[in-house]
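We begin with a single chain expressed as structure tokens, specifically the form predicted on its own.
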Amino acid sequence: MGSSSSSQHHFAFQNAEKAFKAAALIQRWYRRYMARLEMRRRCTWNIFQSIEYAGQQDQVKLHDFFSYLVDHFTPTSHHERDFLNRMFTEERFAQDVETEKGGDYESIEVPDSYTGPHLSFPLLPDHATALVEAFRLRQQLHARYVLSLLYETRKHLVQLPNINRISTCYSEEITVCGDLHGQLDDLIFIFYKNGLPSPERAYVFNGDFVDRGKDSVEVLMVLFAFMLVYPKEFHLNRGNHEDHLVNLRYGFTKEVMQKYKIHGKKILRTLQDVFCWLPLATLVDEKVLVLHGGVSDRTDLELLAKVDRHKIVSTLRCKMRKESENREEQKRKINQTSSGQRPTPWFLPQSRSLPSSPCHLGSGLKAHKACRSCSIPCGSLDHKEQQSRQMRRSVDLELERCRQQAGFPGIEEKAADCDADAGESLEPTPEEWKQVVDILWSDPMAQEGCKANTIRGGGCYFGPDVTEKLLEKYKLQFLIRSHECKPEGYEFCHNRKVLTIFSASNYYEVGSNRGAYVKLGPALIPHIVQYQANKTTHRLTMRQRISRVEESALRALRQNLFAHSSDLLVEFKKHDASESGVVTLSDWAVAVESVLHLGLPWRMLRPQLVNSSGDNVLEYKSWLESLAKEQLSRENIQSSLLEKLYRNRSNLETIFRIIDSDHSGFISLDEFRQTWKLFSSHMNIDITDDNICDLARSIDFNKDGHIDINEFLEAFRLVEQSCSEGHASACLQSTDTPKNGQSSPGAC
């Protein structure tokens, strides 16, 4: 009996030992499996981010080039000067009298057949809720209501300081959301999960509402509607994509013109002005600073509070004071020669909420700047004094309008005398412009210090020491910023002193990332909520999700490789000294990085991109041909031409929209002529107006009097084709030339 019992114990012990070994083996296998998945996920993430940031560098370089042309081109007429003013500055859209009055939308009729949402002001909570439901059902808001909502939004925004101050004392909690990028599903999901805005539920949306997504207009309308319904509980910060020059490249301008073909220009003009009035940051309980990008070692919150933010039209181009002085001098000359009634001087406020009095311009400006600084913990004004100054400014402005309507010219003359003093102070200095660029474009880094953000092309990288100094200087606890997509929707860094929040889930691809928002209570302890707005992701396993995202990233990377085929071929030949047609795989990785400059782990990506032979070498010409076949299967275009289009399409579309300065969707003959004069002056090419007209007519394939985007791209394709054919014919001629003709077959 005893021996039987001991043998049973022995077998049980052996079984337990096997079970433990099996469990350890399974655990080891699972950890290895998850590590491989995580490595694939991180590699995929690097591909998406590298391609995205490379596009941002192209955006900055393109506008730097056009800015250089504009700055070094001397216009010979008022017509050319007006065209240049519209190209990059706030005068891109000519201001008309009706727009300045803010009531031109009333002349737009809403047809009886319109079944979408209707708006009336002042807005009520039911109006905003109905707007969300209408957009969820894919209904479109009529242009009349879009413009009326934008005008009311502008009237509200001009009364706000540069840095809003809000408190958790008046709400149960404050919810901070990051980038939405036109993804309406994410916004609706946030409201569904967290609750609609209310006096008990405050929100801060931290910029980048538009671009990339297909519902940017709808996202903006919902945000503006709730801000008007709950002005004390709903707050918006400006992001780097609330910028009309950035919108030219990343889709928002195109979206507006497609959805509102008749009134799109008017909507874009109004939106440009609204974007300029968005506050720059929000301060929660004097302890948590919420801004879109980040900070730098020169960030000065007191200076930012005093900046005339509506003068920062774009963070891609700083309007220099010399430029503004020349423009104002030209305006004064035009006014002096005008025989009719003199227009309102440029420095006079155009809205009831603008903070300067024409009668006392200097004092008004000081009050205006003092008012903006009231949102900073240090040096704040008394609240009653602020209200008193705002009331005096509003009364003065109303009196001035009454005087102008009555025909009294005296105030205009006094204001004109103040032009020399006021004009200079109203324009932002380069330092003020850099301050705004830094808080909208910067990113944190793990290293100490502060350096230029060469990856994005704007702003800076700031380290933990920069964060600590700013927090200590202004007695803050931590920063909340957005601007960067994160796999989990959020990320802490700098010893949990910087929190990144990104609210656009599935940003790169379905399953690529979660969205997140953060809730702050009176204790200011961040409570983070993550989500996936797309239901498809919930039905996928982790491996399926990563594989799907990885496939999308590799497809984008192959397109990028194909777009640089010619440069890659040149680089491969440098590593192929013997002209054998093959390179080692390590040389392949070096060559690819030297051309694309994406900073990717090419050796790790090699198995997904290259089918190599067993001897560790690659036939690079056949590899480039395989890339071309993959793209040609989608596009029936010659390989070399398709390569050029893949590489330059974004730049070409952006150039088209820059030349199309009135956003009509077409390049007029006049716009084409002025742009060619700009290019020819830079390249020292003598070209007459007749030659330019002939060139424009040759591009206008359907002969309708203007050039659309398809004709523009087609002209580029034909030029490339003719250049390629000319090059090939030159090669054939040189090849067929007899040897005594001083030519060899390889001369081409």
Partner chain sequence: MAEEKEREEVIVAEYHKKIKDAFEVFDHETNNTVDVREIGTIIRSLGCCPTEGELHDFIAEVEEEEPTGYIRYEKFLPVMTKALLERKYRPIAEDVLLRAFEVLDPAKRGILTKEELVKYMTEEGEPFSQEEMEEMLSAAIDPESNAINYRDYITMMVIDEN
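Numbering follows the first chain given and starts at 1. Since the model is a prediction, treat every value here as computed from it, not as a measurement.
Keep in mind that the form predicted in complex with the partner chain is missing from the display, and what follows is about it.
Asker: Thinking of P199, N513 and Y531 as one candidate spot, does the partner chain come within 4.5 Å of a heavy atom in every one of them in the predicted complex?
Answerer: Negative, none of the three is within 4.5 Å.
Asker: With the partner removed from view, which of 140-148, 597-605, 551-559, 475-483 is the stretch that lies within 4.5 Å of the partner chain in the predicted complex, judged by heavy atom distances?
Answerer: Among the listed stretches, the partner-contacting one is 597-605.
Asker: Pick from N194, S586, T129, S668: which has a non-hydrogen atom within 4.5 Å of the partner chain in the predicted complex?
Answerer: The residue in contact is S586.
Asker: If you check in the predicted complex, is C43 within 4.5 Å of the partner chain, heavy atoms only?
Answerer: Flag for C43 set to yes.
Asker: Hey, in the predicted complex, is F20 touching the partner chain, heavy atoms inside 4.5 Å?
Answerer: Within the cut-off, so yes.
Asker: Hey, in the predicted complex, is I188 touching the partner chain, heavy atoms inside 4.5 Å?
Answerer: Output for I188 is no: heavy atoms all beyond 4.5 Å of the partner chain.
Asker: Residue-level contact is defined here as any heavy atom of the residue lying within 4.5 Å of the partner chain in the predicted complex; does E38 satisfy this criterion?
Answerer: The answer is yes: E38 has a heavy atom within 4.5 Å of the partner chain.
Asker: Going through 25-39, which residues have a heavy atom within 4.5 Å of the partner chain in the predicted complex? Please give them in sequence order.
Answerer: The stretch 25-39, when checked against the partner chain in the predicted complex, contributes L25, I26, Q27, R28, W29, Y30, R31, R32, Y33, M34, A35, R36, E38, M39 at the 4.5 Å heavy-atom cut-off.
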